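Quick heads-up: it's one chain on its own, the form predicted alone, in structure tokens.
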Amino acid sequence: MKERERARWRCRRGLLELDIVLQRFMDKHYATLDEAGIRQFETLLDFPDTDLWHMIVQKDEDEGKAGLQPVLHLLQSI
């Protein structure tokens, strides 16, 4: 449970739009993630706010983030 609480805390960001998407993701999808999905989500949370927001709204099409696509697609569906 501590892992979930820590992730929820890390979802509190400087951009209101990002806060909303990340909190909705936590409510809707986090409990269903496997270990690999949780690691992907944690990696995404390491990105700066603007970079993460651009990835979510599909403005950043960097192929180097291919390993993060499963969770990123869930975030984009919110």
Partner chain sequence: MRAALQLSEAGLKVAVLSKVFPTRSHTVAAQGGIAAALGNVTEDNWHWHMYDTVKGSDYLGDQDAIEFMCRQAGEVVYELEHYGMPFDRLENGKIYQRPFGGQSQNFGGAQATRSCAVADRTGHAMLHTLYQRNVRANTQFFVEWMALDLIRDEHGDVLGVSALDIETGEVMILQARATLFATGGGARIFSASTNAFINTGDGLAMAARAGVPLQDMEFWQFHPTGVYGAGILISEAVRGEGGYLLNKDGERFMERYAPHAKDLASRDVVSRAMTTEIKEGHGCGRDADHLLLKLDHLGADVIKARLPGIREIAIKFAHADPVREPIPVVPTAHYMMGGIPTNFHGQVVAPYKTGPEEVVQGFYAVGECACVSVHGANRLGTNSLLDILVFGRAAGNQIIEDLKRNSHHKHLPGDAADKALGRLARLDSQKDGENVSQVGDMLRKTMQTHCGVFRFADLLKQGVDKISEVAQRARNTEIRDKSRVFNTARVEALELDNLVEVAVATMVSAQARTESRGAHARDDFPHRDDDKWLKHTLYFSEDRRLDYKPVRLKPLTVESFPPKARTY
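All values reported here derive from a predicted model rather than from experimental measurement. Residue numbers count along the first chain shown, from 1.
From this point on, the text means the form predicted together with its partner chain, which you will not see here.
In the predicted complex, none of the heavy atoms of G67 sits within 4.5 Å of a heavy atom of its partner chain. Among residues of the shown chain, L75 is one whose heavy atoms approach its partner chain to within 4.5 Å in the predicted complex. In the predicted complex, E35 stays away from its partner chain, with no heavy atom inside 4.5 Å. The shortest heavy atom separation between L45 and its partner chain in the predicted complex is within 4.5 Å. The three marked residues, D27, R39 and V71, fail to reach its partner chain in the predicted complex, with no heavy atom of any inside 4.5 Å. Along 2-30, a non-hydrogen atom within 4.5 Å of its partner chain in the predicted complex is carried by K2, E5, R6, R8, W9, R10, R12, R13, G14, L15, L16, E17, D19, I20, V21, Q23, R24, in order along the sequence.
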